[in-house]
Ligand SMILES: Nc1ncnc2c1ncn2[C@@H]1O[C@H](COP(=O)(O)OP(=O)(O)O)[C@@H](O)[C@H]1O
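The data below hold one chain only, encoded as structure tokens and taken in the form predicted on its own.
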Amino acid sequence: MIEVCVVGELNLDLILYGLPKDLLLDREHLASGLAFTLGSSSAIFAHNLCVLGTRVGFISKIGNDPLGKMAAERLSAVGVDISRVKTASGKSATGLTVVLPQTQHRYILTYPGTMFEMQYSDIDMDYVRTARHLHLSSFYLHRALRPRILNLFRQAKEAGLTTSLDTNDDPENLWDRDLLEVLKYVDVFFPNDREAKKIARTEDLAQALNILGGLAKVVVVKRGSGSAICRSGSEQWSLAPPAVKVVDDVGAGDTFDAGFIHSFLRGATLENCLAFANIAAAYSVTKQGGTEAFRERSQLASYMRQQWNLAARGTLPLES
């Protein structure tokens, strides 16, 4: 029996490290390091949530190619149920994201492939209903599914599931208003600072929180090394993450989501959900790629326990 059903994209990340600050056209630029790892917001969320101890099922579509097989195997290896991951019958390939990290920012280049093709008919709603919680990532990348995402969330709520959503970026920078209707069926909404402002169409974060907080039940704004903010009704909490040496912040936001939902499903207070999410995200940036830090469970558990004890917050959700 699964606790969380994740609907989303599944692909690998190719990350090139140590590139020059200025990338010039028609020049060959040399990288000093490379990582080929599980990518995509949905898959990183599912992988790390499963490692934290939540039972996860995954619904997606991949191509009939080695990249899709590798990505699915990475999820399966940690215990994620991939029985509802479909393989496209046509020539479309599994998506791939190339990440070029810079000092403060990064270039993100994505071939969407089958991300654009998954549609509502690919989703086993009976399987979704066996879960306690539905999560969807990358709202704007699901072009075929997007017209029915509202229906997906509405049905999940009617079946008694709690729900969460992380839109990630809109590659077209349109931030269309169909999302706002979906948010009425979202229990926990996970934008980052920039996304919250874009969606609410304001440059003022406080105003964005007011707007989004009037739609989703809980809004959690991720702010990197700054203090994350959680808003529920008239209540608001703000907590800074632990200080760590950042090796790679790819997937940190998705790991934050995983930490929050892991705690949320165990009945933790929203403030403790925020604290646990911060700790999980902080640990994720200590290694390259979005999931590599979570592949060694004993080291992860030790770090989480140490940070939780320092915060003196009572029972660690990992132990429940």
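Note that the structure is a prediction, hence the values are computed from the model and not measured. Start at 1 with the first residue shown and count on from there.
Note that the form predicted together with this ligand isn't included here; everything after this is about it.
Identify whether this ligand in the predicted complex is within 4.5 Å of every residue in the set Ala228, Val244 and Ala252, based on non-hydrogen atoms. Every residue of the candidate spot has a heavy atom within 4.5 Å of this ligand in the predicted complex.
Listed residue (Arg146, Arg223, Arg84, Arg129) with a non-hydrogen atom within 4.5 angstroms of this ligand in the predicted complex: It is Arg223 that has a heavy atom within 4.5 Å of the partner.
Partner-contacting position among Asn192, Ser138, Thr97, Thr162 - heavy atom within 4.5 Å of this ligand in the predicted complex: Of the listed residues, the single hit is Asn192.
What stretch, of 47-55, 66-74, 274-282, 287-295, brings heavy atoms to within 4.5 Å of this ligand in the predicted complex? Single hit among the candidates: 274-282.
Flag Lys217 as yes or no: does it have a non-hydrogen atom within 4.5 angstroms of any non-hydrogen atom of this ligand in the predicted complex? Lys217: no, not in contact with this ligand in the predicted complex.
Is there a non-hydrogen atom of Lys157 within 4.5 angstroms of a non-hydrogen atom of this ligand in the predicted complex? No, Lys157 is distant from the partner.
Is Arg106 part of the interface with this ligand in the predicted complex - any heavy atom within 4.5 Å? Arg106: contacts this ligand in the predicted complex.
Partner proximity in the predicted complex: Phe256 to this ligand, non-hydrogen atom cutoff 4.5 Å: Judged by the heavy-atom cut-off of 4.5 Å, Phe256 is in contact with this ligand in the predicted complex.
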